[in-house]
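The data below hold one chain only, encoded as structure tokens and taken in the form predicted on its own.
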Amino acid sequence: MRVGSDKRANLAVVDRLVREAAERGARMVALPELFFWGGRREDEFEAAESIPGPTCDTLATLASELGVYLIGGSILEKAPEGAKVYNTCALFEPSGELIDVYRKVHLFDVEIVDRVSVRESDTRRPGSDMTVVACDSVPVGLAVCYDLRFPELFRQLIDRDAALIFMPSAFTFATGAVHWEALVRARAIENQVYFIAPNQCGRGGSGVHNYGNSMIVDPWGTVLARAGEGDGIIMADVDLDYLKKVRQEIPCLDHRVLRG
């Protein structure tokens, strides 16, 4: 998705795309990071919502009506502690119930001269907990965007038996063009998981140019589906027997040697 500063317009795109995915047979649908709003950094607190809240209500209704698990990208969540917000991924089951949330742990404070200048910590606070939740008895791990650069986070998800990892993102074009595919495939390979990475695309309301190229990668590192640089849907089948086969044939997760 290309995300602008008009919440109503963004949610109309979400409604259309999620319905299309469900019509095509999707049982789990994932949205990009901050799908609901993209605007100026100084307007984030005003744009933030409670969870549950209006945008979560919209997602819950969609999940229930369509009978899908819905990974709600991320929403700026009002925090009770003060003027900063959390960047929170909410997961809804087919009944529409909110079953878990993940608050982004790693904040994107980066200065690439003449290309990217972002300080998320100016307006956001980090989460502190890892999230793995059972969906139809399948352990699903959650991460968000900049988390991709921290492999130890994903090992913690694997240690909690994650078989699928969803990572909603708004990965910038400047870094995505060289690092996105390499890192997404690496996280899938080294952790022997299905890795689903929906990304924002184009230059949205925040002014940042996002890379697009949403990806679904299997535990062998094969790219099963990849988007372009515009709004759209990608889909792939998850084969848990294949995941088990990969882990049996190269049991690197069992061969780990940890020394203090």
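None of these values were measured; they are calculated from a predicted model. When you see a residue number, it is the position in the sequence shown, counting from 1.
Another form, the form predicted together with another copy of the chain, is not on view; read the next lines as being about it.
Shown without its partner, this chain lists 106, 125, 78, 103 as candidates; in the model of the complex, only 106 has a non-hydrogen atom within 4.5 angstroms of another copy of the chain. For residue 183, a non-hydrogen atom is located within 4.5 Å of another copy of the chain in the model of the complex, even though that partner is not displayed. Interface membership of residue 146, defined by any non-hydrogen atom within 4.5 Å of another copy of the chain in the model of the complex, is confirmed. Another copy of the chain is not drawn, but in the model of the complex it has no heavy atom within 4.5 Å of residue 17. Taking the partner from elsewhere, residue 83 is found to have every heavy atom lying beyond 4.5 Å of another copy of the chain in the model of the complex. Partner contacts here mean any heavy atom within 4.5 Å of another copy of the chain in the model of the complex, and among 83-91, 160-168, 186-194, 134-142 they occur only in 186-194. For the partner-free chain shown, 130, 146, 149, 150, 151, 152, 153, 155, 156 of 128-165 come within 4.5 angstroms of another copy of the chain in the model of the complex, judged by any non-hydrogen atom.
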